[in-house]
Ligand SMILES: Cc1cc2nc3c(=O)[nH]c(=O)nc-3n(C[C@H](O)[C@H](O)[C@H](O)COP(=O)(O)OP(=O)(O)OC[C@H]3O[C@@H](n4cnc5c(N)ncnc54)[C@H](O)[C@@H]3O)c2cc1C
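So this first bit is one chain, no partners, the form predicted on its own, shown in structure tokens.
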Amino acid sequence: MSSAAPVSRSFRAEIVENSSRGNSFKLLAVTPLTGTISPEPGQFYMLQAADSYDPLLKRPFSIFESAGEQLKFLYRIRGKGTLSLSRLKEGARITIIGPLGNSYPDPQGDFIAVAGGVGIASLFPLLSKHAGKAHLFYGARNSDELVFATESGTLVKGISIATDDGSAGEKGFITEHLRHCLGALPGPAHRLPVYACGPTPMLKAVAQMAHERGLSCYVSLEEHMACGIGACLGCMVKTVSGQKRVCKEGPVFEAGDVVW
């Protein structure tokens, strides 16, 4: 009896879209040239950031969408790697490793999602998979950085927006708005599990808020990664059970396990 060959997590892919989404964000869509493993919400990929070896190291990106044969990644241009990636054109071929890391545990019913800036990239597939189940709290520095807010709004029960400068939604941090709204959510909604991705100060605040209310809370952490497969130990974080690798034991952690 013959058996199918195992699908490799390292593969080549062709860029079919690398388009701007606001001033500093881009959406990259690729078509793998070989079979791939289907990702789960919260997992990530290591992407070659150029069609050369400069920069040498791949960069980690959350899976934003897996549609048909395409994989999509939402990223912000903020360094040499992402700048190089932003310059790649349709038809360019790059090497990718993934899906990597763990995923968000499936919510058993309604849940609260908290996204800060490009953190929406990690939560978007969770909102898609559980459409109509989430209350989304989405914060950014200004309206230009609220990428895919409209599309996200179609996937959730309700969306609350806050910006630091007040150019969209409530003025202030999204965590302040979340704290205010948690007590006002109807019925048992104040007991819903929380899923969050964004800047570390935001995650810390969300984790503290969840702890105070006895809510289960899962956070997706961002760290610099060199290998993405747990070999280089470059993405260690401190947890209550010792040092753990964000790329291997994460990127999703129970918020109470992280030593903030």
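From 1 onward, residues are counted along the sequence shown. Bear in mind that the values here come from a model prediction, so they are computed numbers and not experimental data.
There is another form of the same protein, the form predicted together with this ligand; it is not shown, and what comes next is about it.
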Identify, from the list 166, 105, 79, 153, the residue with a heavy atom within 4.5 Å of this ligand in the predicted bound form.
79
I'd like to know whether residue 44 contacts this ligand in the predicted bound form, with contact meaning heavy atoms within 4.5 angstroms.
yes
In the predicted bound form, residue 161 touching this ligand (heavy atom, 4.5 Å):
no
Within 4.5 Å, heavy atoms only: does residue 50 come near this ligand in the predicted bound form?
no
With the partner left out here, check for me: in the predicted bound form, does some heavy atom of residue 27 sit within 4.5 Å of this ligand?
no
Region of this chain that lies against this ligand in the predicted bound form, out of 144-152, 107-115, 70-78, 88-96 [heavy atom, 4.5 Å]
70-78
Residues within stretch 57-77 having a non-hydrogen atom within 4.5 Å of this ligand in the predicted bound form
59, 60, 61, 62, 74, 75, 76
